[in-house]
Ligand code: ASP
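In structure tokens, one chain follows: the form predicted on its own.
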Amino acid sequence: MTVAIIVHGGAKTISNDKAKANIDGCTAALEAGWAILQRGGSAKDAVEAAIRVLEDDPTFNASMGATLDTDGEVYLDAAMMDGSNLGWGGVVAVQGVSHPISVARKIMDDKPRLLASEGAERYAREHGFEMCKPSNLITLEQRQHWEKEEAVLDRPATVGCVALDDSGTLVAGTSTGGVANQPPGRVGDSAIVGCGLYADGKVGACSTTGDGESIIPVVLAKTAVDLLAQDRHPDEAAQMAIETLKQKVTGEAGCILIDPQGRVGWAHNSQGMAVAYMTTEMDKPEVFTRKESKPYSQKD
């Protein structure tokens, strides 16, 4: 049985001075998830562990380092989906939750539902999840961008992970801080099943990233998984999904995919998208900052 995992740090513009941070962050996330899969752990545990690393890294837009809305506040969304039973769970518009992906995973395991705002925060507290002051998740860099109303070149974007474990279970997860200067109450695609993520154990699993208002109307994650039919390789399906988005709407997006055979694929139409993946068929991980580049594991 092939075991596989792929993580992404968001479809965005990656400036030269942020390339190493994106590479290192995605590598660390991959290693956290791969360590679990290697010892026979579940895809759920691997996806959660990988995304928690990204949530802790201010390089990415998913908890620490999340973007600020027009009021200067941080609100977080996250979700997870289990392809073995189509189980899912998510949280949206939460504050003061250190690791929203862990709360989403707990909701998925309890009963599929999407919890919002104060209700999701109450659920997190009642189940013993790590809480913090909302201001603790705001980095100096993000605060300065907001105060100066600066356009951010290295635009933060949703992070995600897909994993296949040795039992054949496929799981997808996403986590985000939304978009910079979004209006209060805005919710994007990340926690919406079919849009920000999708997992069907018989077909494949996907996590997406990018402009939520463009991803939602084309149901990007479900579209990508459906395109795995007829034995398409995940790379082909991912590219076809992004082409579908480009043909129908305006916006940037990316997606990562794994099929039940453990084949990995990804695509994006943004300038960059940090990605790292590993399977039991590989000698070492491969890490990229954009699709057309050579993997950093092969560079001098």
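Numbering starts at 1 and runs along the sequence shown. Model, not experiment: these values are computed from the prediction.
There is another form of the same protein, the form predicted together with this ligand; it is not shown, and what comes next is about it.
Only one segment in the set 83 to 91, 139 to 147, 208 to 216, 114 to 122 has any non-hydrogen atom within 4.5 angstroms of this ligand in the model of the complex, and it is 208 to 216. Scanning 199, 157, 78, 224 against this ligand in the model of the complex with a 4.5 Å heavy atom cut-off leaves one residue, 157. Only one of 193, 179, 108, 74 comes within 4.5 Å of this ligand in the model of the complex through a heavy atom, and that residue is 179.
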